[in-house]
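This text opens with one protein chain seen in two forms, each one given by itself as structure tokens under the names structure 1 and structure 2.
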Structure 1
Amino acid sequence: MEIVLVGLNHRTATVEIRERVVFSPEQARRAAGELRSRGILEEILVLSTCNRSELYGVPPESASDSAAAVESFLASFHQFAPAELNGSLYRHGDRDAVRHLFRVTAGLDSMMLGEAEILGQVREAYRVALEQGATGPVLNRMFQAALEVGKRVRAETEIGTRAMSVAFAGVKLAESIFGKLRGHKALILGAGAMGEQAVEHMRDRGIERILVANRSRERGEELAKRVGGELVPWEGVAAALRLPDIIVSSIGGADPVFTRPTVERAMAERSNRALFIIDLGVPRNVPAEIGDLYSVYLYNIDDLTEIVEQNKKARENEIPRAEALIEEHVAKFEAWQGSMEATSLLNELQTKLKREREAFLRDRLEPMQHLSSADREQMARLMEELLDRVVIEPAERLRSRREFRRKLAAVEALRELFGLDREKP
């Protein structure tokens, strides 16, 4: 096996196990160092996030059953009894390991399908390993390809586009009413976590002004400070209602926050410019009848949850397209691996030299009329011998594939030097 992957994720391991197998960057460096010094792996990369811990490696030529060795190393590194991790770990080799990594960076293996954070985490893990010098030509190529796959899948499919949280779905809706949020104002009622999340999203999207109101003044002030908004006194909410284009409400308690006549008056004052109300409260903060008012768009938490459900399905529908992209890149990676093997290099080199020699003999020896055909044959033989001695024999010495692999850089150099085309992943 050339590539080994041992790991666990949210599907195979409980959170109790996952939290014990997390590698900090420091631990990742130490683990990589130990695995190499013990001769278990030559190239190594540790990928550890809250939902997964995975060791990618390239074992040395002589190693047998490296996966088992990595597994027992993993157990002992995190102080598990040898059998304790049984059933939680998965192991993949070669093509399956490559495919697994590509699926991870594409977000297909994430708890939340298509999430983008994993791409940054893989990039960071790769950076740490690269700095330490723990990776080599195989893992370098593999992780660069994986990051490329992650980017392509997100750009060419819709796996990561639809909102997967209630707060973000609300903001997306606001955008389908107002277009860009720049130049618009929002009013936040109540200091709920979801409401605050929505405000964060709106601020990222350049909302002009954020107003904050809360029953308890202190908590309101805290919230205003956190989100960079202005505090509106609770008694002044009705009067301030003409200002915002978006209202996010998450107030506890059974009383509605405002009544239909209040909103009606505000709408008249704001010349019927559209008003979007996100009601995150349970029980609902805003009476449903307000949603019937002209130019008022009212969405409650159930409406938004339904949108999120639809979006999940839409993302799932994108899986086949993402998988197709992944297979394309797995094939490319394998082609690259194949081209890096000594045998293929030697075959190509021999073919090329043979072609060059024949062309040379044709061009240079044909015009020399004074040579007999025996002389010609003699010269051709000499030339073949010379080429063999100068180029083929040294290359022949590298024929041991495993030996050669460590010198992948050399293979690349040889290919470059002799102008032998190779697959670029």
Structure 2
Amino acid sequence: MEIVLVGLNHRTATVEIRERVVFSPEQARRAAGELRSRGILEEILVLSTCNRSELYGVPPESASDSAAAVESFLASFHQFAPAELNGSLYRHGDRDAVRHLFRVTAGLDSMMLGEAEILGQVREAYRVALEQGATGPVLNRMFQAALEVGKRVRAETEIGTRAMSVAFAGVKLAESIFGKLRGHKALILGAGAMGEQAVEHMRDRGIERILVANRSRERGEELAKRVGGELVPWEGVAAALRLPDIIVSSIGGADPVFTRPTVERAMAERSNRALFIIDLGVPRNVPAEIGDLYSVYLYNIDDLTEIVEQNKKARENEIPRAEALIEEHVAKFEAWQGSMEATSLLNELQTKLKREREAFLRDRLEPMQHLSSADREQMARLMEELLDRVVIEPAERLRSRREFRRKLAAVEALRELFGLDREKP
């Protein structure tokens, strides 16, 4: 049961190549069908995200150099000349392929350490392959174990609990002040990418109302439409400060978006209700002195970047714990795989010995015409009982006792167990 993995990711391939190698759900189904129909792989799963495209498979026993065949298929499927992907692809087999997948679902192989989205992406890729009937016993077991690993790493370590982007760090700080964001309001100043990221994080946390203001009304309207917000005219920003609990500012230019007196008047109108300001502008959009006002909490991009760096170090400190969980599950999978292979070999041996028994009885009993039918049946039963002791009883012990599965994780151990080389019937 060989396992093959061929893929590329953000570490090995440029964004231009990654964009060309992305599989849509329909392409993933088509690729799986073609790989199976061509006899390259018996089991196949395609995992494709913005930062990786990977093909996991189990080739037929008769196949040779399956990884090379999968690489060639991948190049032709996406209309690359083979040489164009040189240096961009990686290949792993068996234990290394299993470990790689487990590290992916744990978030250790992501561009952002501990990324949470990858677990859902793996789950969806597995669902698509399962519905298509493209997976089998090996990949089913492997991907079920991978999803379990991903959940355990996130539950038993802190590798995914700390904010790793500036926008997310700002939103997490807002939660530390307001608790849950459900029922609160936010004002977004500017249509920058980081401001929009902050909006997405707040929407995920149930923010009640989003106001959007931008110097360019057209871009402001576009952002408001994308995030389900309401447009505030740029000239009406000062008056709107009495409404939000959170302000996210990402305006270009050196002029501040509002002054301390403006915020003081707004705070009086809002009865000094807490106001949280995330200043993502470079240069800063909000004068530092505004952070001195009562009930005003101001964080700029340097503050948030420092938090992200601290969180990155904290996450990195969790890597050994995550790796230990991964190795535990790799060993479990190998034990299962070894058990399956050992049991398969025992079944092959049993079939071979039964055939040999039939030939033996036929050859030896033919000259013994003096034996009755009852005598012949008795001899056949005795030989069958002997085969049961030689093969079936060891097979049962193998299935029921964990220490046997560990000892027989490599099929080579079976040869030693029976004192013979493996032979195909």
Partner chain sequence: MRLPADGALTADLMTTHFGTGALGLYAISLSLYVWYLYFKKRLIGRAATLFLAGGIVLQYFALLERSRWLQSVPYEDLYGSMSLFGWLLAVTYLGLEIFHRHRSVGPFVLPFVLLLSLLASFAPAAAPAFPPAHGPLFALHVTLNILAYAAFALSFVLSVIYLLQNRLLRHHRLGTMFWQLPALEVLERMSRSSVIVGMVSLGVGMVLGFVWASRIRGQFWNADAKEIVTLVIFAAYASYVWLGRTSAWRGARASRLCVLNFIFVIFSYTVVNLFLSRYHRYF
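Every residue number counts along structure 1's sequence, beginning with 1. No experiment lies behind these values; they were computed from the predicted model shown. Whichever C-alpha set is largest while still superposing within 1.5 Å between the two forms counts as the rigid core.
- The chain appears twice here, and it is structure 2 that represents the form predicted alone.
- Relative to the superposed core, residue 307 undergoes a Cα shift smaller than 2 Å between structure 1 and structure 2.
- Comparing the forms between structure 1 and structure 2, the C-alpha position of residue 259 differs by 2 angstroms or more, with the core used for superposition.
- Residue 85: CA moves less than 2 Å between structure 1 and structure 2 after rigid-core fitting.
- Its Cα shifted by 12.9 Å, residue 380 is compared between structure 1 and structure 2 on a rigid core fit.
- Once the two forms are overlaid on the core, residue 241 shows a Cα shift of 7.1 Å between structure 1 and structure 2.
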